[in-house]
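Have a look below at one chain only, the form predicted alone, in structure tokens format.
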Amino acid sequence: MSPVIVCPSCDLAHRQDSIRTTERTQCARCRAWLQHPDGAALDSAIALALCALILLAFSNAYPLVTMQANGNSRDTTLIGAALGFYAQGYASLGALVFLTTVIAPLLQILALLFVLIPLWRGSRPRGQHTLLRVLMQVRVWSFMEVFMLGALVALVRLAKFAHIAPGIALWCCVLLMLCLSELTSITSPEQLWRWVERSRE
């Protein structure tokens, strides 16, 4: 039985009989992209993952924003935002922010690197199947885009009452969001398994 590709946008199933893995194909119904070419560069995926790791480190090391009001100045980091929710009695919300903006992206990047670097060297990574399962589970918990949208809305409202200066970490978060989006796009489950199969040849 030939493999089936399910459209991520409208869930229409497509037979892979006439689809070549070297082509970037579209859904017959909604025209969304079904798969990327088989020739997607492993080097590019590793470079993006390393870039995302550096951006994640910067986004946690530097302040997100600096707020000045009535002669007082305060700043916070990503982890500081989660701790702020905890200190105000919103422990579950603080834990959710920490999980979705720090832990989930970090696990996603590290799992990818542990899989991709051995494949790039022509070997098979230890615990490969477990790592790929962890990666697929962690991806659904990475909500950097939602956090950034909420942060921008809050900053626009706070700008009426105080002077808000974006920090280095805020720009790093924007770049991290774009980097993770592209990384997720070129490391689809199908593409990862193609690289795994290619390493066995």
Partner chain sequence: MNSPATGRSLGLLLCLNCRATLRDAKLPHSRCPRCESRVHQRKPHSLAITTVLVVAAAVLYVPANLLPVMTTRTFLDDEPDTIMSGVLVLLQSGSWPIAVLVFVASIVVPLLKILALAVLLFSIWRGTSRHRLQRSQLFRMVEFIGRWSMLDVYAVSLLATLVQIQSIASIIVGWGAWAFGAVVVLTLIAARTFDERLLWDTAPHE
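Only a predicted model underlies this, so the values are computations on that prediction, with no experimental measurement involved. For clarity, a rigid core is taken as the largest C-alpha set superposing within 1.5 Å between two forms. Numbering follows the first chain given and starts at 1.
Same protein, other form: the form predicted in complex with the partner chain, not shown, and the subject of what follows.
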Quiz prompt | 4.5 Å heavy atom contact, Ser44 and the partner chain in the model of the complex | solution = no
Exercise. Please check if Ser9 has a heavy atom lying within 4.5 Å of any heavy atom of the partner chain in the model of the complex.
Key: yes
Quiz item: Should Asn60 be counted as a contact of the partner chain in the model of the complex, where contact means heavy atoms within 4.5 Å?
Solution: no
Quiz item: Quick one: does Tyr90 come within 4.5 Å of the partner chain in the model of the complex, counting heavy atoms only?
Solution: yes
Self-check item: Candidate from Ile103, Leu96, Leu110, Ile117 lying within 4.5 Å of the partner chain in the model of the complex - any heavy atom
Solution: Leu96
Quiz item: Looking at the partner chain in the model of the complex, which residues in 103-117 have at least one heavy atom within 4.5 Å of it?
Solution: none
Quiz item: Honestly, after the rigid core fit, is Cys10 moving at least 2 Å at Cα between this form and the one not shown?
Solution: yes
